[in-house]
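Quick setup: one chain, the form predicted alone, written in structure tokens, and binding and motion questions come after.
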């Protein structure tokens, strides 16, 4: 039996936009907090601190919502790589991004109802959503409530290693954001993938 399903359900699109806005505001306010002498013309330090704390809490709440909705809707299954033939399929995808994309080649693993992500997206998104983002959220919450941070980590005051880890993870996530936006332009048109995430995309599901 053939049926059509929504590749990007409404809850996922709303969360994706909400999370993107929060992350950009966190990035801006975070840069101001780290380099106030350079960025004060953009945002005052006190406003940046309030904005960073507020967006951090909203991002943490949004992440809890994302985990809950992913579990209920079984969206999480798209992140789990299929072991058989995974490495050859990932290499095929890497070759497409390295060469095929510039020759206007076809996506080797187009999104379907059963497999929304290609193999490279699976491992990347798995690491980001279930590895880096939780670390960013937890270290951010401990910054907000330092009384709950450990007194010492590796023989150093507990806040200092948390600050370093928070900044390193934020840097990796910023690099991911740049790559994520760039690869989103690799559809049949530059705006195709953005349109799908904004307005949804129905695909056929053969069951």
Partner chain sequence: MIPAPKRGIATAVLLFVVSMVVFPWDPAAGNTDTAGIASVAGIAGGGVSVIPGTAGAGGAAGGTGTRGVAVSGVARSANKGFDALCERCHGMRTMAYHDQRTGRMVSLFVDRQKLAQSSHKQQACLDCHGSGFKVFPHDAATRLETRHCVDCHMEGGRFQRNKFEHIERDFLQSVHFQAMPDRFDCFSCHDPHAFQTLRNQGEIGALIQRDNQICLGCHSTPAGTTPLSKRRFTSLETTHNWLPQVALHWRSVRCLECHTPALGGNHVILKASYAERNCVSCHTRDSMLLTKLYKFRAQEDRQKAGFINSVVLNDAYIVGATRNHWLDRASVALVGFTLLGVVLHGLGRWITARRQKRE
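Numbering follows the first chain given and starts at 1. These numbers were taken from a predicted model, which means no experiment stands behind them.
Omitted from view is the form predicted in complex with the partner chain, to which the following refers.
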Notebook entry, point to check: Is residue 84 a contact residue for the partner chain in the predicted bound form, using a 4.5 Å heavy atom cut-off?
Noted result: no
Check: Any of the heavy atoms of residue 146 lying within 4.5 Å of the partner chain in the predicted bound form?
Finding: yes
Check: Taking 4.5 angstroms as the cut-off for heavy atoms, does residue 71 touch the partner chain in the predicted bound form?
Finding: no
Notebook entry, point to check: Within a 4.5 Å heavy atom cut-off, is residue 174 in contact with the partner chain in the predicted bound form?
Noted result: yes
Notebook entry, point to check: Pick from 132, 123, 113, 101: which has a non-hydrogen atom within 4.5 Å of the partner chain in the predicted bound form?
Noted result: 101
Checklist line | One residue of 40, 67, 57, 28 in contact with the partner chain, assessed in the predicted bound form (non-hydrogen atom, 4.5 angstroms) | finding: 40
Next item on the list: Would you mind checking 172-188 for residues with a heavy atom within 4.5 Å of the partner chain in the predicted bound form?
Entry: 172, 174, 175, 178, 179, 182, 185, 186
